[in-house]
Ligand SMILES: OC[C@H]1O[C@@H](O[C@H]2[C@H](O)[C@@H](O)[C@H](O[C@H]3[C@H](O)[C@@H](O)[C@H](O)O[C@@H]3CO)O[C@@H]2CO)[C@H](O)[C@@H](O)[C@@H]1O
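Next up: a single chain in structure tokens, the form predicted on its own.
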Amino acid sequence: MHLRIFAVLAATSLAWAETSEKQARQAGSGFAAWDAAYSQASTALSKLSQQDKVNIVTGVGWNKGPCVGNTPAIASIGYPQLCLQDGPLGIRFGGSVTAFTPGIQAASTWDVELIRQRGVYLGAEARGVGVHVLLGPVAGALGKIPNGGRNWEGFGPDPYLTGIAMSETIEGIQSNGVQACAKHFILNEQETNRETISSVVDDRTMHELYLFPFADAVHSNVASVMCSYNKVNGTWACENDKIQNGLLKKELGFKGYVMSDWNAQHTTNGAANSGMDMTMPGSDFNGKTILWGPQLNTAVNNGQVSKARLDDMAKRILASWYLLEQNSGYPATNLKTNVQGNHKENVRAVARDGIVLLKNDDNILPLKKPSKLAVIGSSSVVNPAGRNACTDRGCNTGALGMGWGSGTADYPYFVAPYDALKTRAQSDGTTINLLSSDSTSGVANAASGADAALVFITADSGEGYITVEGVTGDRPNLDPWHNGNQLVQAVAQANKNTIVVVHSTGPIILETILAQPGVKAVVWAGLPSQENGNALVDVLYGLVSPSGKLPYTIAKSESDYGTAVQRGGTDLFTEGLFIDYRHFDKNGIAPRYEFGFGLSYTNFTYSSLSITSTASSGPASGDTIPGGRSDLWETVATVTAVVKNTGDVQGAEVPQLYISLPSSAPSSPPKQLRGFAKLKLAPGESNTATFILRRRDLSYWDTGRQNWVVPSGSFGVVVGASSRDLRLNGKLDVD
């Protein structure tokens, strides 16, 4: 609902201009919207007893309500039993809901319209089943460690891309009157020891990487934020005054409420006085340890927690309820309601447009009515035990559509690759040999003689409370599972036209696979959820040209990333600002496939770079609005570039804008993403990508001044097809 930077198409500039005008109006009045909600909350608060206020901020306990989190109803003000429910890709435990694509797949589309639509549909389903607070989207883990178990729930390790995706998703969810919850705040970058580890980070890194997308979330009026399990600089996140009161509420101007992750609270007084506003689920998982409720009441009576602080906690929660107008006509909670509608269309579109074509030798793709295909691998078919046989997707059996854990939803149906390929083959008169096993025995018989052999491999990860095939959350390495390298080797030896399809929660090392002469194509299909096979067939057969771009770097070696899961009690974040492509750029490391990379069935040329700027150097000075100082969100420069489809088929390109800070700034990444567009172009068609730069996009965090500062000098401005395929170069001078 607020002005923010993203690239837009010239052809739809009028629609976006209208949107931007609305955003500009609302950006300045972010506090005004909250002020109205706070006025209602204050009126309601005056009617409440101290016990009522304690009830509003305290969950009823684990497994004591219809949702994963519940608070008591307050009849005197018409306040319902609040329903808080997972999660970031759909309604967990829903009876007839859509299993949307995970965040990382949405990010790999680089398509703000699809990401926004996904958020709208998520909100529609949450409202339809009577969920008041949807526990998503995810900006933490950001994804600094490629093995991180829950990276797939979020939008990737670039804070700009994640920030835009957070903003679009939150605004989509909340457009339906559902409270979104930005999580996990903050520095929750691994599952290993997540409840004990201390994430130790410097101030600049905190601001420029990890806090950056949460600022976008707050700027979009997110109703709630979930504090994480880990410690931050030695203090539990949910008891950390610096991050909750200092960074989130004061610096970012957050007017909503902070809830604990489930059982992430450790003390009664420390959590309350350090900025946490709601405890979830209200007890430990045994239902015994209760830290608020009666204990909070006693603490207030004893003066250990002030009455003003209790009022603030309750008022923040009530204000979010009023902000989303949940006080009028909100549906009763019934998680079994059928709310799917036509939402599978978004699942298929995101699954399809998030597919990244990594390799396509001899233009083996798209397929053209082959007479015989081989389909090999256990992940080509639905889990034989049933698509939802494993609770919270806690297995890697059959085709992969999402990782595992609390951020999952049940599949209402599941179209596996073989299902969709078989349907297409029947219409084309193609014969398919299926070998739904990962054993190399029998591969030669299945693959030899086929026009092409499709081999399916996976890598899985998830939340640490589930162990899958010996993996507890974080992946121990970046190899494909189930001896995927050996399976591909065997297939490629038997068939010189091997197409490798990868479904994975994050990067894998592809060197062994790429070394096989028979491997002609690699299709990075990511995490496509319930439309897995349909989306894949759309791309394999050229019904659409692939247009996904990598939202992370794929390295040649795991050690190239410079980050790893920490087994001890502390992660010192010694890499600082330099994660993913920033690390590769700084250290001159050649990736296998760089951040932002993706091939197409057509070709694109870039031309006509234009840069205009009104930017001036110095610190931000505006009043604090939701998201930080107001002038950080003002447009200070515009960059445009023309992209032309010079090939023979329709396609979509994602031009990307990267900025380099001038030499007057302290040590910074060689380049940082600061804009992108998705241009859909017919053969021979050109269009203009317009990148709107906010003041924050040209700023660094000055630790001495404790402020965002635009440095003086010459900024590097590059536009290209990836972080390494840079087509246009220019500069932006700031006095």
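Each residue number is its position in the shown sequence, starting from 1. None of these values were measured; they are calculated from a predicted model.
If you look for the form predicted together with the ligand, you will not find it shown, but the lines that follow are about it.
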Trp110, Glu168 and Arg352 each touching the ligand in the model of the complex (heavy atom, 4.5 Å): no
The ligand isn't shown here, but in the model of the complex which of Lys520, Lys144, Arg194, His482 has a heavy atom within 4.5 Å of it? Arg194
Among Phe414, Tyr322, Trp262, Trp292, which has any heavy atom within 4.5 Å of the ligand in the model of the complex? Trp262
Would you mind picking out the stretch of 278 to 286, 601 to 609, 206 to 214, 170 to 178 that comes within 4.5 angstroms of the ligand in the model of the complex, counting non-hydrogen atoms? 278 to 286
Interface membership of Tyr121, the ligand in the model of the complex, 4.5 Å heavy atom rule: no
Thr638: heavy atom within 4.5 Å of the ligand in the model of the complex? no
Just to confirm, His503 within 4.5 Å of the ligand in the model of the complex by heavy atoms? no
Does the ligand come within 4.5 Å of any heavy atom of Val68 in the model of the complex? yes
Stretch 432 to 470: residues contacting the ligand in the model of the complex, 4.5 Å heavy atom cut-off: Glu463, Tyr465
